[in-house]
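Quick setup: one chain, the form predicted on its own, written in structure tokens, and binding and motion questions come after.
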Amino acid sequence: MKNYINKCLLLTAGMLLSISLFGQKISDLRINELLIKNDSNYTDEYGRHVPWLEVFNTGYNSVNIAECYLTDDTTGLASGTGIKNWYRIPKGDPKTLIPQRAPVIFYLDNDPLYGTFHVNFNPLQSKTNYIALISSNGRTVIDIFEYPDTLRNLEVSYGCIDDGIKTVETEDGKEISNIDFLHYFTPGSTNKVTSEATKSEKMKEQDPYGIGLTLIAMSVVFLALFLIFAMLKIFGKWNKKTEKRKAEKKKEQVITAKSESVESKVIESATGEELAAISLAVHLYLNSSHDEESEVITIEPPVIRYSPWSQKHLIMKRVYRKK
């Protein structure tokens, strides 16, 4: 039983470890923007103008940068002897957990006692022109950010044009650098700042005199009026036909009511013998066979030109005699 419990605990720990490893990938971090000469730019939490560095999480999972190293001198990287001169990001600060697709700012003031995000070197005093982000094992280089020496004399930020992307591929398949001097200072936000003209400004450029807008507005008005007229016309015809059908139906109902009342009156006034005679006549008419009459009347003149009624000997009864 004890062995079974131990196996379950080990399995659970392995699953949690795999989930944590999947959720955090330190290799997704990139140095995104750098400003060295800071006379009137972004300030730290103490209100000081110092050089600053932005690290960007390119992944879609939160990454904890704690216990990683930042340095401007990678001497002794292979042998592991240079770790003592690097700045190790302390753990325990919740701000070291960088959300997905989000940046974090480090102040390059050579004053690590000011807080977690204040490193132990200053690029104004560095002999190199790069800054390296190294994993917590002290051997794996996560990212190296190189910058020109002129950046120390310009109050301009230098970084990735598209956040976290160091190189881009051209149409002919060549890779070119995506790092350059930036037009805007964007500490803690996206580097790609686009300022698009508003719709009214675009309309003003395309139609400075407003002729097109006037034509569109008038067309919309007249189209709406035409649609309203067509709808009223159709509705009027439909309403007229409906009223006519209602009048005809009402007329038929009146005629039917009158005929029914007449029939009821005739039936009420007729005697039983009359009703029986009518029923018999209708029955004979419907069920007996009838010859088709030509509806032609032929009048023939009599053979005898005189009337037999005037001949007395023809109308008198004859008495038979015995022979």
Partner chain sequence: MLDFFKNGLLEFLNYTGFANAELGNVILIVIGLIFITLAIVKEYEPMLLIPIGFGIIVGNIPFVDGLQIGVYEQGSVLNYLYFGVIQGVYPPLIFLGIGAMTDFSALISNPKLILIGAAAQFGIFAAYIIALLIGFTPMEAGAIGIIGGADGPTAIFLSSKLAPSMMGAIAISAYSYMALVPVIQPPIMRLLTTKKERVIRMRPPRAITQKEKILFPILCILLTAFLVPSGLPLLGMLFFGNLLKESTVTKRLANTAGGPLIDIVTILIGLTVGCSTQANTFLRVESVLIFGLGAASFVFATAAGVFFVKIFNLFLKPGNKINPLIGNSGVSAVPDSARVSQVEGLKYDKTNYLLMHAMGPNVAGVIGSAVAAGILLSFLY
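This is a predicted model, so every value here is computed, not measured. So that the term is clear: the rigid core is the largest set of C-alpha atoms that superpose within 1.5 Å between two forms. Residue numbers count along the first chain shown, from 1.
One more form of this protein, predicted in complex with the partner chain, exists but is not displayed; see below.
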For this session: Tell me, out of Ala247, Ile144, Leu223, Leu124, which residue has a non-hydrogen atom within 4.5 angstroms of the partner chain in the model of the complex.
Result: Leu223
Exercise. Which one of Leu154, Met218, Val193, Val168 is close to the partner chain in the model of the complex, taking close to mean a heavy atom within 4.5 Å?
Worked result: Met218
For this session: Would you check, heavy atoms only and a 4.5 Å threshold, whether Pro90 touches the partner chain in the model of the complex?
Result: no
Exercise. At the 4.5 Å heavy atom threshold, is Thr214 in contact with the partner chain in the model of the complex?
Worked result: yes
For this session: Answer with yes or no whether Lys84 is in contact with the partner chain in the model of the complex, where contact means some heavy atom within 4.5 Å.
Result: no
Exercise. For Phe235, is any heavy atom within 4.5 Å of the partner chain in the model of the complex, or not?
Worked result: yes
For this session: Mind telling me which stretch in 108-116, 128-136, 235-243, 178-186 gets its heavy atoms within 4.5 Å of the partner chain in the model of the complex?
Result: 235-243
For this session: Would you mind checking 139-172 for residues with a heavy atom within 4.5 Å of the partner chain in the model of the complex?
Result: none
Exercise. Would you say Thr167 moves between this form and the one not shown, meaning its CA shifts by 2 Å or more once the core is fitted?
Worked result: no
Exercise. Does superposing the core leave Lys233 with a CA shift of 2 Å or more between this form and the one not shown?
Worked result: yes
Problem set entry | Did Asp207 shift 2 Å or more between this form and the one not shown, C-alpha, core superposed | yes
